[in-house]
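Here you get one chain, nothing else, as structure tokens; it is the form predicted alone.
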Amino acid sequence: MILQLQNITKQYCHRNGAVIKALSDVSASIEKGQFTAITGPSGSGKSTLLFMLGGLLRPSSGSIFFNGQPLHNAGDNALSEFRKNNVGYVMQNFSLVPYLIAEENVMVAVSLLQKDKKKQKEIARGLLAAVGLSDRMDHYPKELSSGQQQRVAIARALANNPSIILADEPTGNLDPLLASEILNLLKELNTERGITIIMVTHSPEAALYADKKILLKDGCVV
């Protein structure tokens, strides 16, 4: 069991004083090497749950464990180390730096490994090759298709050799053909590298790539 949630609740206080529950008594477990899809209608708490699993949000109550170690009560430094050593992120809007070429975008993440510049460049080039962009390393984001930009984002997510990739609507800005390419790439990373993939998606077609589905509605697991 790589990740386990026990009775997670996350609530916010609106500026008008109302209490909003984003998640309510959610329990779930994710096995190492599993491809999990978190699905459900808009506003059901999918992204909140994903950020909770990645140590970006703390629960209002309940427990989260990574390889048996508690995350729910970990300090900021411990959560930062957890993310740095274990988690890669892929977002819907790619989040690339527009004035950096593909290689440099990946090197931004690789630089956190505290290698020398020559080694950083070598790692970045290897990661871009791994996602099929050997011939696009010197291209700026605006010179790449949406699918290629997402591949750069995936290469960047691999920089720390993560055990988990959290993907928040990774195909939301892609047409069906490009979406299929990105989903196949994620599946390949899952099966060939053993990376645990946790993907938020509203697409039933995308969810078919997963081994396990967690369906949320109104902040609860259905």
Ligand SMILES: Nc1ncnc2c1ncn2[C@@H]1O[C@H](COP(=O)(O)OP(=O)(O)OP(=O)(O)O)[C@@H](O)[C@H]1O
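Position 1 is the first residue in the sequence shown; the rest follow in order. Model, not experiment: these values are computed from the prediction. We call the rigid core the largest set of C-alpha positions that still match within 1.5 Å between the two forms.
Keep in mind that the form predicted together with the ligand is missing from the display, and what follows is about it.
Though the ligand is absent from this view, in the predicted complex it lies within 4.5 Å of a heavy atom of just one residue from Gly194, Gly68, Pro176, Pro41, which is Pro41.
Look at 59-67, 44-52, 180-188, 151-159: in the predicted complex, residues with non-hydrogen atoms within 4.5 angstroms of the ligand sit in 44-52. Looking at Ala22, you'd find a heavy atom of it within 4.5 angstroms of the ligand in the predicted complex.
Remark: His202 counts among the residues lining the ligand in the predicted complex, judged by a heavy atom distance of 4.5 Å or less.
A displacement of 2 angstroms or greater separates the C-alpha positions of Ala18 between this form and the one not shown, with the rigid core held in common.
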